[in-house]
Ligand SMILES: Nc1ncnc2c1ncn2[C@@H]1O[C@H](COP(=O)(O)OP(=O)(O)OP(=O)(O)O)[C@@H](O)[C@H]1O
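The chain below stands alone and is given in structure tokens; this is the form predicted on its own.
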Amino acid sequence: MEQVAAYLDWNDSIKALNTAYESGLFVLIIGPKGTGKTSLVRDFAKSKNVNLESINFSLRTRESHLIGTKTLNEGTVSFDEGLLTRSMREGSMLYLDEINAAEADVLLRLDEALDDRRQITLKESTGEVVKAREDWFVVATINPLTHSGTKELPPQLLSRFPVRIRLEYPPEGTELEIVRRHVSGQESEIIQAIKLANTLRQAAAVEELFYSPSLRETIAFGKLLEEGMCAREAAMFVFGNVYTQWGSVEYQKVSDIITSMFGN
């Protein structure tokens, strides 16, 4: 089985998480996709030797995913508890990924559980009040509002996460170290790919391009090189071709940048 590379804590995020954990304060991690938010949370949960319950929010996420739902089995009605309820009972670490993609009714139920009482009423079942264990810890992530499907979190829900960690793309040298944890060899080409990724990210930040490549893409570039693909071809597959969905002008713009960096 492939070993998962440990998270490279380049901006002391784990230290901040640990302090919040010991203080009983919930944490919000803010940053664009592909900056390692999920890897950070998983690594932190592993370091604490606690179970991690996680959910990735979307427009399809319903209250029942969090709270639970009634089921009928051979004439017997039972209640299958959802992830939120289960996490509160067990005191497992709860990871709410892309929380600002959730619908308003889902956020309301979350807000009920995350306030100072840290309890929730199972109105869908017996009306039992479930109170979280003392060691219950919650980490949420949000993408910037420029990302599709995201919306502004209500102020009262934001206040439930008083510790906020900003996680941006790392400096080029740090990104190289991250990629090197996954692949080996071809360092000069990987350095060029990281420069390319940052050029595209900067263009996307000022809305000159529609897409900003993530750390996953620089890692994928390195893996294609490991399998013997030439650098320019790997750059087109990983960084260039995705821009086709925004039309030939967008694609040609990025293709020209790749050619200038990797040749024909």
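What you see is a predicted model, and the numbers here were worked out from it, not measured in a lab. Each residue number is its position in the shown sequence, starting from 1.
A second form of this protein, the form predicted in complex with the named molecule, is not displayed here; the remarks below concern that form.
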Exercise. Go through 83 to 91, 129 to 137, 111 to 119, 174 to 182 and give me the stretch that gets within 4.5 Å of the named molecule in the model of the complex, heavy atoms only.
Key: 174 to 182
Quiz item: So which of 62, 216, 195, 46 gets a non-hydrogen atom within 4.5 Å of the named molecule in the model of the complex?
Solution: 216
Quiz prompt | Of 38, 51, 69, 202, the one that lies within 4.5 Å of the named molecule in the model of the complex (heavy atoms) | solution = 38
Quiz prompt | Partner contact for residue 251 in the model of the complex: the named molecule, 4.5 angstroms, heavy atom | solution = no
Quiz item: Does residue 261 reach the named molecule in the model of the complex, with heavy atoms at most 4.5 Å apart?
Solution: no
Quiz prompt | Partner contact for residue 8 in the model of the complex: the named molecule, 4.5 angstroms, heavy atom | solution = yes
Quiz item: residue 232 near the named molecule in the model of the complex, any heavy atom under 4.5 Å?
Solution: no
Quiz item: What residues in 11 to 34 sit within 4.5 Å of the named molecule in the model of the complex, counting heavy atoms only?
Solution: 32, 33, 34
